[in-house]
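There is one chain below, alone, in structure tokens, taken in the form predicted on its own.
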Amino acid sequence: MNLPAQAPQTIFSTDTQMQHIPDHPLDQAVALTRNADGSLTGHTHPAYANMVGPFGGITAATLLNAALGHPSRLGDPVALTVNYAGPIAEGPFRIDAQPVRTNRSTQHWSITLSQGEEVATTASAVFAIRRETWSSTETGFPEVPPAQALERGQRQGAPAWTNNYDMRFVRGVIFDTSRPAEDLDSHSELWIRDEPPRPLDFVSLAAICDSFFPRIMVRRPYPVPAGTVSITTYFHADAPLLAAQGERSVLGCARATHFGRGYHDQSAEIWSADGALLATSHQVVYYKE
């Protein structure tokens, strides 16, 4: 579906409940300009640089923002799958976001990010109009100290994107050589929020869901070349619940279940400060050791 010819329009974070000041690094990084043919143009942001290309979470957030800002968008995101097909080079990129089917209460999206003639990332998303139903959460909120009781994690030598997050670890710091070998696992628990503080919305939540380092770097406490190949995020919160979270830290829990033949899985939960499950994510990670 192409839009009628129109003047370029810049889209910052497009949460349905709040408008953010575009001076925040996150909003700058996900900002997109709508072109006359309906495509969108974005640009990598140095604040979210990773070891190779941009931080995967900011790419996911930008792709989601492309659908959120579309004039035909229906409802709020329920699921987002991002496949990192190739590296994204520093500079401009193009995003094509199309609703491929709209039903009475759900909408399905196809999204691609390309540079030149090469597709670098593909994504699909499901949006929906939510309604009140019976609900239950079968997993429990972990017993952890509050964020204020923990010190902010050290970032010396870490990629640039980590400077945009306040991370306070309960357990599972990467490269922790002080843990006894018999106690090693891939489980991390940490409080995390945007730095500087920013009200939580779907865009920032999508990025946070990919903010966990590959579990191989927790289980094997030394640097290992690794990167996300594909991630699916399920949004359990609606916009009002995210708005109620405000700028407070959320609790993230991440773990793997299997490592082998160059890949491992990785699952994560994101909880509000009040103990509500906001999102879960599942990804597959490539590693070389």
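All residue numbers are counted from 1 along the displayed sequence. Remember, it's a predicted structure, so these values are computed and weren't measured experimentally.
Unshown form predicted together with a further copy of the same chain; subsequent notes refer to it.
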Choose from 201 to 209, 82 to 90, 153 to 161, 67 to 75 the stretch whose residues reach within 4.5 Å of a further copy of the same chain in the predicted bound form, heavy atoms counted.
82 to 90
Which of these residues, Ile174, Ile95, Ala147, Ala120, gets a heavy atom within 4.5 Å of a further copy of the same chain in the predicted bound form?
Ala120
a further copy of the same chain: the contacting residue among Ala49, Ala244, Val224, Val229 in the predicted bound form [heavy atom, 4.5 Å]
Val229
4.5 angstroms heavy atom contact with a further copy of the same chain in the predicted bound form for Ile216
yes
Any chance Cys253 has a heavy atom within 4.5 Å of a further copy of the same chain in the predicted bound form?
no
Just checking whether Ala273 would be counted as a contact of a further copy of the same chain in the predicted bound form - the rule being heavy atoms within 4.5 angstroms.
no
Under a 4.5 Å heavy atom criterion, is Ser135 part of the interface with a further copy of the same chain in the predicted bound form?
yes
Pick out the residues of 233 to 261 whose heavy atoms come within 4.5 Å of a further copy of the same chain in the predicted bound form.
Tyr234, His236, Asp238, Ala256, Thr257, His258, Phe259, Gly260, Arg261
